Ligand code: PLP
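This document starts with one chain, in the form predicted on its own, laid out as structure tokens.
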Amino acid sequence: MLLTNRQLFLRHQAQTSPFPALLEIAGAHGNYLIDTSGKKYLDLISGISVNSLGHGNEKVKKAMIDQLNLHQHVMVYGEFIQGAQTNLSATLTSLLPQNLNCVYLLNSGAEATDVALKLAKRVTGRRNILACKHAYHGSTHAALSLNSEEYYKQAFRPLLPGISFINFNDSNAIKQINEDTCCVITEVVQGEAGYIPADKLFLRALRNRCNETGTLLIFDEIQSGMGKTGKLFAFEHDGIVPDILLLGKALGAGMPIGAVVSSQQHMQSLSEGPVLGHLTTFGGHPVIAAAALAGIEVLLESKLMYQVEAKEILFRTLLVHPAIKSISGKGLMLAVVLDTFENNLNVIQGCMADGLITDWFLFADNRIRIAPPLTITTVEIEMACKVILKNINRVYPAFSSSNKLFSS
């Protein structure tokens, strides 16, 4: 007897949790996912901040096909000159401050985190690392070491030594940075903490203290980069520049990618003493690099980034309800704060039944994730908010029955 795709998924595909969503996808176009029954779902999380240009952008697809017609993988990263890689790296650095002029292309954001830690140790000769509580930099062994939550780490110890944690947005915590600290790593908008933007004074304090102690400052923009806050990179809002920048997710325009950007002088340290300080077979894969370059071009040629602020305001204006405690975030990285995980999950599941994909956060499971493609329209935002409010009313009947404004 032939097994269904669902049975094959549960039997032969490694699971990441005991309760997968089990939505069987047949297609994805624009801002929508389509299941095998033909039902459409408005994608309000863009594959966890990946598909910023929506699904199936024509220019991105053409760039991939054109590269496929030239060649696919030909050699491990960093040996052969390949136009797709060099053009992507040159374009990226042209959009960044002068000290961020050299790119190492990788397979994922987590790998980028690992490489950044290696780079910081190699450049400074130090070993101690400072990270922020409730940060998320990936799930590989080194990236997991930067996770302050013991629940996610306890089964995998021993992890990297020499890591200490500070409170995010606590400028007084900079006292922990000293001449033994090789790097400080922070998100510019904390992702899994529930979209918490960094305070400018905090970033400035970090920058100044790192300058004083010779410590490298790493900004993780794997989730916040590529226009999601209304600027290409979130650090541009405050004008505070890191020594090392991490990118991923939306950089690939739907394809898997990671990148570490730093100075050429710093990057050179990975090529000697020892040689091959980091080695990756598929990093900078030419087809993916072509997709990423096309994605950047679409982002720059369109007006999508300039629309982010207005779309944020519309979400905040429409999502008003007594059960909503607040809305955190910046741009199209927003989190709707409810009271409990159980109620939040009930709302999320109801939204999916009504054709709206949303999610919660690892370290803020009482918050609804709103991170749609930048291509989401005003009409779609209005529709999404109606669905969210409808399900909040359902989960919190006392509010909806007592307040006509919020009754469906």
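Just so we're clear, the structure is a prediction, and the values are computed from it rather than from any experiment. The first residue of the sequence shown is number 1, and the count goes up from there.
Missing here is the form predicted in complex with the named molecule; even so, the following discussion is about that form.
Taking non-hydrogen atoms only, Ser108 approaches the named molecule to within 4.5 angstroms in the predicted bound form. Contact between Gln223 and the named molecule in the predicted bound form is found at the 4.5 Å heavy atom cutoff. Contact check for Pro197: no non-hydrogen atom falls within 4.5 Å of the named molecule in the predicted bound form.
The named molecule in the predicted bound form comes within 4.5 Å of a heavy atom belonging to Gly138. Judged by heavy atoms within 4.5 Å of the named molecule in the predicted bound form, the contact stretch among the candidates 86-94, 299-307, 129-137, 204-212 is 129-137.
For the stretch 152-188, the set of residues having any non-hydrogen atom within 4.5 angstroms of the named molecule in the predicted bound form comprises only Glu187.
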